[in-house]
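In C-alpha cells, one chain follows: the form predicted alone.
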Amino acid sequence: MAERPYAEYAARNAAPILEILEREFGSASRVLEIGSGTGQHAVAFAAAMDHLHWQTSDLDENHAGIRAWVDDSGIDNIAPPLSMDVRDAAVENDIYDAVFSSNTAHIMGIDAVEKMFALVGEALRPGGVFCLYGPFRQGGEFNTMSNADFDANLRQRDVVMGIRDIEKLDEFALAVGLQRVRFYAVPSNNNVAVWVLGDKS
C-alpha cells in the first residue's frame, strides 16, 4: 500500500470546516469533492457525516495517496478518486447534492477557477450546495497582511496563482445559476463561501 501523505494544515483546519459542512450538508446525500489532495479531509468528513456518499477526485498523480487514506480508513461511504482536471473534466449532470473544495481556487489559473464553477453547476442538482474553503479578497482587499504576503509568494511561484476576489467568484457562480448565500470566517484568516444552485429550467 502507498504511504499516506500528510498535510499539517489539513489536520489543523478539518474541525472548523466540518462544523460548517455538518450544517450545510445536513440534508445532502451525495457529495463531490474537487481536489481531494492528500485525502485527509475526505476521510475525516465522510467518517463524521456517515449519511453522505463522499466522492473524491483529483489529478492522477495524487490518487495513490488518496487511495491510501481511503483504504486505511475502512469507511464504506467514501469512493476512490475520480480522475479530474477541472480544465477539461466532465461529470454526470445533476447527480450531486453538494460539492466541496478546499484550497484550490488560489493555486489554479483564473480560467480553471471559472471552469470549476461551470463543472459545479453541471454536477449539482437544483438546490444543491457548493462550499469552497480558502483565503479570499473582498473588495480587492486582503483581510490580513499575512494573506497579502501569501498572495505575493504564490505569484512568485507561478504567475497564474493568487488569492481570488470573492466578487469575481460570484460572477462565475451567477453565470451557471449559483447564488452565494453565506460566507463564514474560519481560523487562519480563511473563509468558507457557500453558493446554492437555483432551478435549471
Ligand SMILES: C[S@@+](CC[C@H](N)C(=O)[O-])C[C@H]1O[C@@H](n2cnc3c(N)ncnc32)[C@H](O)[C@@H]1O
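Quantities reported herein were computed from a predicted structural model and do not represent experimental measurements. One rule holds for the numbers: they count along the sequence shown, beginning at 1.
This next part talks about the form predicted together with this ligand, which is not shown.
Participant: Within a 4.5 Å heavy atom cut-off, is residue 79 in contact with this ligand in the model of the complex?
Facilitator: Contact check for residue 79: no, nothing within 4.5 Å of this ligand in the model of the complex.
Participant: Taking the shortest heavy atom distance, is residue 75 within 4.5 Å of this ligand in the model of the complex?
Facilitator: Result no; residue 75 lies far from this ligand in the model of the complex.
Participant: If we define contact as a non-hydrogen atom of the residue within 4.5 angstroms of the partner, is residue 86 a contact of this ligand in the model of the complex?
Facilitator: The answer is yes: residue 86 has a heavy atom within 4.5 Å of this ligand.
Participant: Mark residue 108 yes when one of its heavy atoms lies within 4.5 Å of a heavy atom of this ligand in the model of the complex, and no otherwise.
Facilitator: Looking in the model of the complex, residue contacts with this ligand include residue 108, since a heavy atom lies within 4.5 Å.
Participant: Any idea which of 165-173, 138-146, 47-55, 34-42 reaches within 4.5 Å of this ligand in the model of the complex, heavy atoms considered?
Facilitator: Of the options given, it is 34-42.
Participant: Pull the contact list for 44-66: residues with a heavy atom within 4.5 Å of this ligand in the model of the complex, in sequence order.
Facilitator: Result: 58, 59, 62.
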